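Shown next as structure tokens: one chain only, the form predicted on its own.
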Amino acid sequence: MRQAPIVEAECVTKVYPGGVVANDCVSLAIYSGEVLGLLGENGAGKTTFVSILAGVLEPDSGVIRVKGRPVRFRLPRDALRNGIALVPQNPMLVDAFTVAENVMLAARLAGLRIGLGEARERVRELSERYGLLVDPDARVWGLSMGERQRAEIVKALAVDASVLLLDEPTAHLSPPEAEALLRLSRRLASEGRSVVLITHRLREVLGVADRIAVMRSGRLVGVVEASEASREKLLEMMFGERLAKQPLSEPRRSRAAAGGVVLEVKGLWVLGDHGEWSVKGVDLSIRAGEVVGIAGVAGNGQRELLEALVGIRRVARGTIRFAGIDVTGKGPGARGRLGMAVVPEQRLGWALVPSKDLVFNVALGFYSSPRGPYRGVVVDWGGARRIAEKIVETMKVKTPGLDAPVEAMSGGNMQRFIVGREVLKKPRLLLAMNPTSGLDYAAAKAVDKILVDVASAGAAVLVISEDLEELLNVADRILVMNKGRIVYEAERPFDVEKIAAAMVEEVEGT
């Protein structure tokens, strides 16, 4: 028999401007010493719910209790002072600060007075104890998404949170990193903390959770003991009986021979943010009609490689040829005009302009594309609106409206919109980094199919992903990147053990 819950939500309701009901009378208890899995498709209300528990949002109605006492959180610091910390899907660290400085700031918000030296020591100690590999003196702007995620977890542990709300914590992690984090979740629960794990990966919750709660369309569908759950039962709860009984098919691709080389990279060397070599002599080529995947543990040069291919990071040595033209010294605009489209891992700030609506983001996103809604240099706003409408309809994007700011959408719906926009450019080359990050099962399968369809239509597709399963699903070839080098190349049928080993083994000469 369980003890009284440490945190309890009773009929929590949240309605966004425009009438979107994000949470509809959600009641859920969280107990000490457990891992509670929280599932639901994009827009189901999971992130809104944990944001309320963390003081990021205020509910319109309902009650939150901590250790039986009703509380009202107006700000995240109120939740922190009650032992509740949110590790968001998109890390919310201060870019200009070091990891230790971010920890010191969080500690002070939690009512703890610690200096920078103590903060640095806490980061080191927690990093070593839990195997999180976080440098206290690293500046956040130079970290990969996976490294930022680990820094967020260290920050929550450093303020001694008793309840950790992990929103898609494995989204930017490689399979070995994800497994390590899941083991960490169990360890934290065994130490008496409560862990709420939001994920779209059924295998994760089935492997680590004590209980699994499922949300759909803003409501809590039910809570089941993990020992009584199955993949089929959870899918039925998430999507309804019809979809659960109609398994999603694997993407199919034309097996016709690939066409000519669209992208050719030779001897590419690129410096990282701290002056170190992040990309070391990389050679790769992609032909029209094929999907090439790049696998690797976060922080092994994948981000810097993508930025060099896009044209926003300078190439120190080597060449990049796109569509037969040397674009090594050209910017992203020139590459876009040649037919390059990009789905980056950073949604807000790169792919989408915060506080701007969908129509504006269509116009800006198509700026360098010959298919953009422009008359000369003048924006055709009617055309931009029609494109936005088509993306929303085709990609089934849930949004309060075309004139709503992009932040009004869930992370998954932002991703649907970005992918839909880039595909509508009908690119010669599509570059995608972690394209299904944060997407639910159905949406991820749909995006995977889109990537394959784009290649089948004659484009070259490069997918850089920390989700090996995704690459095994869509790629014709997989390249493994380890410490800045391509160390292994495989074609179908893939040897998963060799790919995984190449991702984590030490590389000589680095």
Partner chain sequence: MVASLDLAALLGQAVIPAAVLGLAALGELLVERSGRINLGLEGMLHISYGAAAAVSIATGSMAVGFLAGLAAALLLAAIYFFTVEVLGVNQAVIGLSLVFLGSGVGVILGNLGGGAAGPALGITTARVVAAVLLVATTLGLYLFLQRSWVGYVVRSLGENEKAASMMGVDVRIVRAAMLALQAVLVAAAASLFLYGYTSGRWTAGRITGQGWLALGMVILGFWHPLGVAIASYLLGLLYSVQSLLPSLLPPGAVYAVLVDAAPYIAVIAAMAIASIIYRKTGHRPPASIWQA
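Residue numbers count along the first chain shown, from 1. What you are looking at is a predicted structure, and each value in this text was computed from that prediction instead of being measured.
One more form of this protein, predicted in complex with the partner chain, exists but is not displayed; see below.
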Segment that reaches the partner chain in the predicted bound form - one of 281-289, 264-272, 82-90, 414-422, heavy atoms within 4.5 Å: 82-90
Sole residue of R108, R129, K233, K396 within 4.5 Å of the partner chain in the predicted bound form, by heavy atom: R108
Partner-contacting position among K330, R77, K390, R314 - heavy atom within 4.5 Å of the partner chain in the predicted bound form: R77
Residue contact check: N102 to the partner chain in the predicted bound form, 4.5 Å heavy atom: yes
4.5 Å heavy atom contact, R150 and the partner chain in the predicted bound form: no
4.5 Å heavy atom contact, A96 and the partner chain in the predicted bound form: yes
is_contact(I325, the partner chain) in the predicted bound form, heavy atom dist at most 4.5 Å: no
Non-hydrogen atom within 4.5 Å of the partner chain in the predicted bound form for each of V56, L116 and K155: yes
Contacts with the partner chain in the predicted bound form, stretch 304-340 (heavy atom within 4.5 Å): none
